[in-house]
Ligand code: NAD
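Presented as structure tokens, the chain that follows is alone, the form predicted on its own.
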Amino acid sequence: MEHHDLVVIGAGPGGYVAALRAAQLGLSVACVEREPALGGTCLRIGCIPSKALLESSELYAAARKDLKKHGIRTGRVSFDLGRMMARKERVVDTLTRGVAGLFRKHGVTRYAGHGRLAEPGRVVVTGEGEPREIEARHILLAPGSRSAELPGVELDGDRIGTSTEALSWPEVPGRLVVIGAGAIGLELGSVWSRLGAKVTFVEYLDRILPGMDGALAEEARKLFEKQGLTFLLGARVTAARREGEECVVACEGREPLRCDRVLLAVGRRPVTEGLGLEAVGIEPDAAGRIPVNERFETSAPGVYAVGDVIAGPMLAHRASEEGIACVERIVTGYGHVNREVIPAIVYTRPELAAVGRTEEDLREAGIPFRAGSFPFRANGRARALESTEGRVKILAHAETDRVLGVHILGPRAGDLIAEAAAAMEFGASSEDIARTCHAHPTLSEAVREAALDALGRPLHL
């Protein structure tokens, strides 16, 4: 039997980062992963490949429509989907090999195969060859999540599939129906729309991007419609099936939609099957998640869990922070994740980014607040970029002025939100942001102006 201080099951953003941090802290660490490549869903079939395709498709769209605004003339613009996909794979391959290199550098032992709990302190790894047993004082579960399914939607891995398949379609569908108008659906729908597909989103709720600021989500929807995307809101999908070379999507009370491909993007579900939870007395909750305390400890001694298998937003960076905090608690007795300051980003054009509370949250909780906003059309850098859609919104406590939430719709929102997250982590007020010198001309000046607006004294509006 092999012996380690810590065994991590899962090499996604939660698992591999936890393994590296534990090794830095002097533990003997092993990581069990069933996939040949390290990095988990995010790196292999999620965040990274989707952003690669988003970037390629956005450049293509810009060459076709936007460069002329800058006085740049182009001839007939076309794209090579095969090369676009090959570039995406190169990006993924480089990063997954990078994780493997980090494991070697820090002395993390990698076990290839499926890991499951046999009893407290013991993990069995099955795969090629004979099962292997690993003994460890601490076991961290970080197996991640999978695409959620929907009753009546007949997934075939080809014409009707999830985000995994939509990242590798061999041709552009003429008509695409996306079931779900959350971040995953909007991003991949945007990719294929830019490349020529007619894209229709079918969303059960009466809005897009649930959980994001309602006003900015509505503003984003109108901008997306100008780009050619179609939305059917308040529509319940009852079935999706293939009929020959076509797909049919049935919606309650509406005419069926006929299309060439269907993308099911209605969220994700934790992967807890086959982990051997029953062997150590861990009982998942009704949503299939593993209950943990503030130290990420499960009900089984020496067994911890982080990331998508516990309650909270299913975000790669959140999983990484939890993995770090968990192993730091194991070694040093202290580790912390501020769950009120976890940013979320949607990589459409324009981007949406948020951190902290929304207006809807604050009203429901009865918390008094002031709202300040600033449009990018009044920002010099945005004008120079020819990207003036959207705005920055800052929500500050009406009595203490402490920043409670920041929401951005606009160019490079995903980068701008980092300032807001840092400010909130240190308990900043809107006046703190307003009195911080921001370089000119930059998009970040819009954040400062929104803070000034929350104080009732915007300078450039």
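All residue numbers refer to positions in the sequence shown, first residue = 1. All values reported here derive from a predicted model rather than from experimental measurement.
As for the form predicted in complex with the ligand, it is not shown, yet the points below apply to it.
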| property | result |
| --- | --- |
| Output flag, Gly185, Val202 and Leu315 jointly within 4.5 Å of the ligand in the predicted complex, heavy atom basis | yes |
| Contact flag, Gly267 vs the ligand in the predicted complex, heavy atom cut 4.5 Å | yes |
| Distance check, Gly302 to the ligand in the predicted complex, heavy atom within 4.5 Å | no |
| Contact label in the predicted complex: Gly390 to the ligand, heavy atom within 4.5 Å | no |
| Ile345 within 4.5 Å of the ligand in the predicted complex, heavy atoms | yes |
| Listed residue that, although the ligand is not shown, lies within 4.5 Å of it in the predicted complex (heavy atoms), from Gly161, Pro375, Gly113, Pro210 | Pro210 |
| The unique member of Val248, Ala235, Val92, Val341 whose heavy atoms fall within 4.5 Å of the ligand in the predicted complex | Ala235 |
| Candidate stretches 202-210, 116-124, 276-284, 78-86 - the one whose heavy atoms come within 4.5 Å of the ligand in the predicted complex | 202-210 |
